[in-house]
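Next up: a single chain in structure tokens, the form predicted on its own.
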């Protein structure tokens, strides 16, 4: 079975599970305790997945909007001295666990989506920054010299030469950040953020492995499909 067929099967499976969760019954029914419900029915899986994906997308886009410009600044001659400080700042998100970020931000912004998005944003900065930094450093110096010799300004060199050549590495960092965010977003349900973590936590609290399998399985499948889609973009961006 080729990659394209596997990709189609994966997306079809994800859509089927979200639209008609009953397809899971033969697989997860043995995991449910006797007399307990097998399928999570307190909320629509499709709605929970949409909320989960929205948090991941929002946090990842915010991380890109901060980390890529920051990498651009520290790779310019005038900003090179600030690279250690920039790396320290983006490392803070990885140093402080997301649960701790939630504990800090909930008193400031309240329960719900915002503390979760802040935690995902902080955790996702480092991969994007390092990917952009590596990509910009890999741009051959003769490419910059040639572009400047053609009369391009530094800004034009950045947009027309450096960023296109660095794009595969930037996308690689975004892929790592998005995958991490997809899994980490499940903790958002501990602070009342809607998402698939709600299903997993309900399963843990009720000792119902069927619920855990539903939530965890959808998150895992979505992460794999997202990683595959971003990897395809990466490969296309790396073409000469």
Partner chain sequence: MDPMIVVDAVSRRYGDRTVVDGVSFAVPRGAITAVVGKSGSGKSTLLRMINRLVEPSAGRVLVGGRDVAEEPGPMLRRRIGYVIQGIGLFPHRTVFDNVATVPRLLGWPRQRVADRVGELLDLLGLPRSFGERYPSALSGGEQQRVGIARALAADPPVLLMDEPFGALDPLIRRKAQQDLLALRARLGTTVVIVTHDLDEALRLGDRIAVMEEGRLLQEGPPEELLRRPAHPAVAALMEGARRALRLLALVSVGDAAEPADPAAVGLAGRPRIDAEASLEEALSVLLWAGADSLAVDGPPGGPPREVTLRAILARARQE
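From a predicted model like this one, the values you see are computed outputs, not experimental measurements. Numbering follows the first chain given and starts at 1.
What comes next is about the form predicted in complex with its partner chain, which is not displayed.
**Q.** Output flag, 22, 41 and 44 jointly within 4.5 Å of its partner chain in the model of the complex, heavy atom basis
**A.** Per the other structure, none of 22, 41 and 44 touch its partner chain.
Q: Although its partner chain is absent from this view, report whether residue 148 comes within 4.5 Å of it in the model of the complex, heavy atoms only.
A: Yes.
Q.
Even though the partner isn't displayed, in the model of the complex is residue 84 close enough to its partner chain, meaning a heavy atom within 4.5 Å?
A. No, residue 84 is distant from the partner.
(Q) So, residue 80 and its partner chain: in the model of the complex, are they within 4.5 Å at any heavy atom pair? (A) Output for residue 80 is no: heavy atoms all beyond 4.5 Å of its partner chain.
Q: Tell me, yes or no, whether residue 110 is in contact with its partner chain in the model of the complex, where a contact means a heavy atom of each within 4.5 Å.
A: Heavy-atom contact with its partner chain at 4.5 Å: absent for residue 110.
Q.
Within 4.5 Å, heavy atoms only, which of 161, 167, 89, 106 is in contact with its partner chain in the model of the complex?
A. It is 161.
Q: Choose from 152-160, 127-135, 68-76, 110-118 the stretch whose residues reach within 4.5 Å of its partner chain in the model of the complex, heavy atoms counted.
A: The contacting stretch here is 152-160.
Q: Give, in sequence order, every residue of 105-143 that has a heavy atom within 4.5 Å of its partner chain in the model of the complex, or say none if there are no such residues.
A: Heavy-atom contacts within 4.5 Å come from 142, 143.
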